[in-house]
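Single chain ahead, by itself, as structure tokens, in the form predicted on its own.
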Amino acid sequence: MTDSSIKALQRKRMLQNILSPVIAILGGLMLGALIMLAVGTSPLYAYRQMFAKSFLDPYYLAQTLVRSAPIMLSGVGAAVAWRAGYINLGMQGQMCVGGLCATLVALFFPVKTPLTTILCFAVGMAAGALWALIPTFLDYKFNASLIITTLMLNYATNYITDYFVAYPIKDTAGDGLAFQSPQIDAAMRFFRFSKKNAMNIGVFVAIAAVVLIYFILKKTRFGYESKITGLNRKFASYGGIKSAKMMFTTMGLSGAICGFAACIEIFGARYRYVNAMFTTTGYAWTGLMAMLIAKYNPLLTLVYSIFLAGLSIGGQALQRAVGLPMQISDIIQCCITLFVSVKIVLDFTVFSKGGKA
């Protein structure tokens, strides 16, 4: 291939990478518009309200950014493992364990300072990493399906962590019906920019973490080796890359990032561990959607996470302002992911047939 043909191919791929998500997003919005028309609501008015209440109004924009922080990190956590060929579907459970362990340290460690927050984050990341390594070991030792074990471990994790806030560390000072831990000390909380909304410095910490992970994946030997492993594991092994070491490293890093995401939410927004706080919010699955749309690119995952978080916040406002159910935003998100998934399946089919559709 000549240099000009290589550059032309690169431009074509870049154009496809830009257009595919845009087409998927427009398709999801169009299907949402059809549903709105079916129930007698103007799509233009509804979308104007949705996006005004998620990106244009300062209060709701702050809420969108706060919600996007754990979403982008869980999405990037999934991308680290997926791009190496290891399908981690246990982000939700890793967030639960990491968040709970960080909260326990914050509550029971005798010294309450900002430095303790760093310790809490380290413990939360370690807990998330170790939890991700359980299914990794089962895959390595017993050839258990990583997809199934990571997914099913989410359910066990939910019940384990919910037990702690229902009994041992339940906050008895407040509402007795609420299953939640006591609040962490004010000295360990992230700085908030205003008392009117939840915007805090944790959002910028999350963005900085995503940029750092992007650099690691794009500019380091580990990033190169993980990418090669994901493209062709046999070729990577032939080139001297140890597949077992790569599997444990990428899965551990993926779990650590998810634990970090949980800490961002707890120390920046909630200030406590709340029953089902990472299950009902759907952070992990929304992050997975953003990662799929972005094709494992951390920076694009960041962008699409903010967009999907805005759809969720806008959907809640849509229910109040227009009377449409907030699940409309969930339908749009699912349709976008469906269209992107179809493109991924088609690409894989063409690749497996040697480039012939």
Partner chain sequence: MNSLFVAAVINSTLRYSTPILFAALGSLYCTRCNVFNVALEGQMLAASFAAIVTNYFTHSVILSTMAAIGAGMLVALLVAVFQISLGVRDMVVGTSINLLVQSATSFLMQVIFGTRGTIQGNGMVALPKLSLKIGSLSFVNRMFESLSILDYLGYITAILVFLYLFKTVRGFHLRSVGISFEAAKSLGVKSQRIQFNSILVSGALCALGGLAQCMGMVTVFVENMTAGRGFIAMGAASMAQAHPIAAIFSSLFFGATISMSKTLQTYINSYFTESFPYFCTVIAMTIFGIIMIIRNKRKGIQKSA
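All values reported here derive from a predicted model rather than from experimental measurement. Numbering follows the first chain given and starts at 1.
Just so you know, the form predicted together with its partner chain exists too; it's not on screen, but the next bit is about it.
Report whether the minimum heavy atom distance between D162 and its partner chain in the predicted bound form is within 4.5 Å.
Heavy-atom contact with its partner chain at 4.5 Å: present for D162.
N143 near its partner chain in the predicted bound form, any heavy atom under 4.5 Å?
Heavy-atom contact with its partner chain at 4.5 Å: present for N143.
Residue contact check: V39 to its partner chain in the predicted bound form, 4.5 Å heavy atom:
Flag for V39 set to yes.
Answer yes if any heavy atom of A321 is within 4.5 Å of a heavy atom of its partner chain in the predicted bound form; otherwise answer no.
Contact check for A321: no, nothing within 4.5 Å of its partner chain in the predicted bound form.
Go through Y47, Y296, Y60, F307 and name the one with a heavy atom inside 4.5 Å of its partner chain in the predicted bound form.
Looking at the other structure, the residue within range turns out to be Y296.
Under a 4.5 angstroms heavy atom criterion, identify the one residue in A166, L115, A208, V111 near its partner chain in the predicted bound form.
Exactly one listed residue reaches within 4.5 Å, namely A166.
Contact segment among 99 to 107, 251 to 259, 266 to 274, 83 to 91, judged by heavy atoms lying within 4.5 Å of its partner chain in the predicted bound form:
Selected range: 83 to 91.
Give a yes or no on whether each residue among I148, L153 and F339 has a heavy atom within 4.5 Å of its partner chain in the predicted bound form.
Contact check passed for all of I148, L153 and F339.
Stretch 280 to 295: residues contacting its partner chain in the predicted bound form, 4.5 Å heavy atom cut-off
Stretch hits, in order: W285, L288, M289, L292.
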